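A single chain, nothing else alongside it, follows as C-alpha cells in the form predicted alone.
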C-alpha cells in the first residue's frame, strides 16, 4: 500500500475532480490518495464524486486557513 499526495489548491472545479480521478486511475488497489483542496466546491464535490465512483472516503482534515486534506482509498 502506497500513499500519494496531490495538491490542487490552485485548481477550480471541474478540474479538481478530473485531476483527482486521473491520479486515482494511476494507483493500485488499496493505495491511498491525500488531496489538498480549498474549501467550497472542491471540498464538497471531491468526497461526493469519489464515493460515487466507488472509492472509499477515509476522512477530511482541516490543515490550515481554508485548506483541507481529503483521504481517499482506491
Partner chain sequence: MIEFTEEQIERYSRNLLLADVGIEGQARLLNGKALIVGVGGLGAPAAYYLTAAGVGTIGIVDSDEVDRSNLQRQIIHFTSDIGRLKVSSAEEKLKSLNPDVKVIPYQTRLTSENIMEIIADYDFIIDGTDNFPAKFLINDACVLTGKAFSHGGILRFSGQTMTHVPGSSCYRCIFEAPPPQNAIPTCSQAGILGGVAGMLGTIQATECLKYLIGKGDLLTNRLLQFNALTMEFRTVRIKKNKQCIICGESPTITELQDYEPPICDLKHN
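Positions refer to the first chain, counted from 1. Since we're looking at a predicted model, the values are computed, not measured.
As for the form predicted in complex with the partner chain, it is not shown, yet the points below apply to it.
In the predicted complex, the partner chain sits within 4.5 Å of a heavy atom belonging to residue 53. Of the heavy atoms in residue 29, none are within 4.5 Å of the partner chain in the predicted complex.
Contact check for residue 19: a heavy atom falls within 4.5 Å of the partner chain in the predicted complex. With a 4.5 Å cutoff on heavy atoms, residue 58 does not count as touching the partner chain in the predicted complex; it lies far away.
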